[in-house]
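Presented below, as structure tokens, is a lone chain in the form predicted on its own.
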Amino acid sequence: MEPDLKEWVWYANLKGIATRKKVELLRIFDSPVQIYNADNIALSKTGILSKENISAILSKEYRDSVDKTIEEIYMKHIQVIPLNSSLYPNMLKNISDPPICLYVKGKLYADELSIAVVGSRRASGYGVSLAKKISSELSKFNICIVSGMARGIDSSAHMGALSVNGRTIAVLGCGLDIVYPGENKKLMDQIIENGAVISEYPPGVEPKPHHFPVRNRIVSGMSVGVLVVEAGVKSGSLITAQLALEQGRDVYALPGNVISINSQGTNKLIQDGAKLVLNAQDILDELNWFSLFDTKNVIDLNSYRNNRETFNDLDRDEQEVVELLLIESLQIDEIYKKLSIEMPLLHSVLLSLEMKGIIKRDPGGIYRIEV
């Protein structure tokens, strides 16, 4: 066990303290270990904690119960990724209230390029079909599909990614030792095999109605954009869309029959300014990424190496990345440190170069020149 993992799990599971306040407190004390060891005076001096907050931090009950939680985590083969881990998703880390700990089954990468696909639990055949189709098209180009493993659109999005052996991540509103809904046991196993199932709730936490709006911030927070396929006017998917806007993410919506209950929410999103989406290409075009299906622009690498005119077809940022990767294969964080390119733009540049056949992303998130 990592030296401070116990304190991270303890801190994550403290009740009555808002996640945003926990994040702010970490900026003051640097680590949960320091918070764990702080006394009443030190905690009071922060000026951000109520008496109830301080009581929770000093509570013997929470300190005693963490050992049992850690034991369950190991018994049930669950990985814990705290906020300071190099495996913690970069996009999620930068929202205002990131989970203090993520509980994970499967593989999680810090630099994963992801799109969230969400929608109604009572999905129509139209919605199910389009969710699968768009998710599978995006997955073919190493875009991870994030959703909530609920019935309907969420499950269809995961299935679409899995149908082409793509990566997909399910964010649960309960502990990872609980399959919810129960009929998704096989799907959950497949997601773990091809991606990850994650939660901010420790083992044993049952799914409760108020958990799902809270977990939706993770679905949107991990993604560069959120596609709402079908949603009624009171759908939880609209909460995800609103959270996405607050987090600075793009929102896309699939239009539907104007008299269909399932389309009222998505059509309203489009009225309010969401990008109308008919296929995966529309999402990529909106983000100014390279065209998925325009094969005439695919660069032959041998021609590139032997003909500098091909290099001139790349923009300046693409040229810088290619020149760097010709020297050595690197992860995205390493590229970011070596080049003066902002992370959102770097994601776009790397995807563009992948589409052109110049670079490839290997397991573990390492980018290399494609040979």
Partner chain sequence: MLSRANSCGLLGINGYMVCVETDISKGIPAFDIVGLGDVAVKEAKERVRAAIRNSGFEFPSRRITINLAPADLKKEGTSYDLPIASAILAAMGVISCDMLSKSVLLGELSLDGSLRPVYGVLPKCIAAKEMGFDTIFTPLENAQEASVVKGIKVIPVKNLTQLVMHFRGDISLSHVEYEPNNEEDFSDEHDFSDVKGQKHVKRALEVAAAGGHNLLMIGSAGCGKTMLARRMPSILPDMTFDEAIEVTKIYSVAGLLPPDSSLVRRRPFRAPHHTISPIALIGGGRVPKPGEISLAHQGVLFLDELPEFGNNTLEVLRQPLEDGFVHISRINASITYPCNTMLVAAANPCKCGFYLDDSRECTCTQREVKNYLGRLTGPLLDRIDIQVDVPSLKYSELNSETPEESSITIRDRVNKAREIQRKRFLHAKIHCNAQMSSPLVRKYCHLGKEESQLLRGAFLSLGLTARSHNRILKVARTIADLENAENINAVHLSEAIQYRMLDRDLFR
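Residue numbers count along the first chain shown, from 1. Bear in mind that the values here come from a model prediction, so they are computed numbers and not experimental data. Rigid core (definition): largest C-alpha set, two forms, superposition within 1.5 Å.
One more form of this protein, predicted in complex with the partner chain, exists but is not displayed; see below.
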Report summary line: Of 30-38, 61-69, 46-54, 325-333, the segment with heavy atoms within 4.5 Å of the partner chain in the predicted complex is residues 325-333
Query raised in the report: Within 4.5 Å of the partner chain in the predicted complex: all of D177, E193 and K275, by heavy atom?
Result: no
Query raised in the report: Looking at V9, L25, I358, L351, which has any heavy atom no more than 4.5 Å from the partner chain in the predicted complex?
Result: L351
Query raised in the report: Within a 4.5 Å heavy atom cut-off, is R122 in contact with the partner chain in the predicted complex?
Result: yes
Query raised in the report: Looking at the partner-bound form in the predicted complex, is M343 within 4.5 Å of the partner chain by any heavy atom?
Result: yes
Query raised in the report: Taking heavy atoms only, is R316 within 4.5 angstroms of the partner chain in the predicted complex?
Result: no
Query raised in the report: So in the predicted complex, does R151 come within 4.5 Å of the partner chain, heavy atom to heavy atom?
Result: yes
Query raised in the report: Judged by heavy atom distances of 4.5 Å or less, which residues of 165-199 approach the partner chain in the predicted complex?
Result: E183
Query raised in the report: After the core is overlaid between the shown form and the other one, has the C-alpha of K22 moved by 2 angstroms or more?
Result: no
**Report entry** Core-superposed comparison between the shown form and the other one, V9 Cα displacement 2 Å or beyond
**Finding:** no
Report summary line: Evidently the Cα separation of L254 and H347 changes by 3 Å or more in the predicted complex, so the atoms lie farther
Report summary line: Relative to the shown structure, Cα Q331 and Cα T168 in the predicted complex (3 Å or more change) are farther
